[in-house]
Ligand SMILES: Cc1cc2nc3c(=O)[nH]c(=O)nc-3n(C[C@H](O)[C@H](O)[C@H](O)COP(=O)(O)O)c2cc1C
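One chain comes next, on its own, written out as structure tokens in the form predicted alone.
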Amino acid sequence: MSKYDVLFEPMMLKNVELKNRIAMAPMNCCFTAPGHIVSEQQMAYYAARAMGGAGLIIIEAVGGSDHETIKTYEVHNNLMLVYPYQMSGLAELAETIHTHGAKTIIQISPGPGRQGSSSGTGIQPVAPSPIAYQFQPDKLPKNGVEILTKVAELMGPDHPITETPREIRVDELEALAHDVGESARLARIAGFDGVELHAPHGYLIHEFLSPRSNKRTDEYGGSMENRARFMCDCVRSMRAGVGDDYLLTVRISADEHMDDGFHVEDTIEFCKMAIQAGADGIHLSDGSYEAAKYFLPDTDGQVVEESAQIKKGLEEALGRDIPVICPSVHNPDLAAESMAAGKMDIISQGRALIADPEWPNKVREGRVKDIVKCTRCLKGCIGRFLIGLPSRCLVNPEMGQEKYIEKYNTRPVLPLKERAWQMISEV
């Protein structure tokens, strides 16, 4: 028996059987091919993390609409899943992950909101209200000021980091909610095991949830129910798109960590509404770009106690256990202790799996001392991402180069009956 065994207990997430309790968190690394489709590098990058032993791979935020309000995502080269032709590469990606023994869900986004950019598109970002977000120096992670200063210098005055959005119209919200449902339907056809609604980090849905950024006086502003309306509309649309028997989760920040924002107690209510609208589980993050030291924490396990509070609050409110995924636990001892204490059901690894894709295998095999630790420097992953360059890692020279490494470009050949025909029979 090992103290880490709790991390490797199988579990059912709705009707998806996971081999362990370790997930790869969704992260955009600017690997997408032109046309917002899966690239060779992306395929190898995800294969490396599936081969590394993660039981669940969550694909980075994918644009779920072709509405102009989402096109401001284009500056960061996000994947898109709007048209059938975009399913092809994603279906190949899902199959690749499956052949390496992991399950996979894809995160679908209705747009970046005020964190989008008109640079390169000429399209003004949208938000609940015309309020620009502001980086808070005292809420930046280490190296945050240095990185943002360099980004501003490289991008120049014609490419501002933040800009004032326009207020999004109700008809646009209705269109986006409809479209993410269609995107979810395509995701199921492509062979993913589930879908996840993207609602954290200060992006569009988060902006509606927050009284800091949502000053509307219509049915999408004011009360908590109104501020959660757009999120719940998206959940209901996605549920309609995939059916009742398919896994659907929501990712949300546990706490905004801004005095005039939302906090853990509010998040419990928002999560309850999401579950009642049709979600099966909650994937937590924290903070936002305005409070980036919580979104990209310097401290290990920062979200653990918030996860415990939200998990307990949901069980009390709904009278049943709700699966909760908790991020940002790099230390295997803390991960195992927190899991054993029931503070979460799954841990999601982001930068830890950038630094060392083999983190799960090494923990399972008792090679904890061999783990290459993320230094939380942000220079190769986030710093390059902010200027539109593919991510790298100062402690993992293979990061961003996986397509050139043979072992990440091979996979078992499965019998046809275990692949395409099975998918077709399920559609």
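Source: prediction; values computed, not measured. Counting begins at 1, following the sequence as shown.
Keep in mind that the form predicted in complex with the named molecule is missing from the display, and what follows is about it.
Put simply, Arg114 is far from the named molecule in the predicted complex: not one heavy atom of it is within 4.5 Å. At the 4.5 Å threshold, heavy atoms of Glu358 stay clear of the named molecule in the predicted complex, well away from it. Mapping the unseen interface onto this chain, Leu296 counts among the residues with a heavy atom inside 4.5 Å of the named molecule in the predicted complex. Under a 4.5 angstroms non-hydrogen atom cutoff, the named molecule in the predicted complex has Ile382 among its neighbouring residues. The contact residue chosen from Arg227, Arg251, Lys311, Lys103 relative to the named molecule in the predicted complex is Arg251, the criterion being a non-hydrogen atom within 4.5 angstroms. For the options Pro211, Pro323, Gly350, Pro141, the one in contact with the named molecule in the predicted complex, meaning a heavy atom within 4.5 Å, is Gly350. Proximity to the named molecule in the predicted complex, taken as heavy atoms within 4.5 Å, picks out 196-204 from the listed stretches 259-267, 196-204, 144-152, 166-174. In the predicted complex, the residues of 320-336 lying within 4.5 Å of the named molecule by at least one heavy atom are, in order, Pro327, Ser328, His330.
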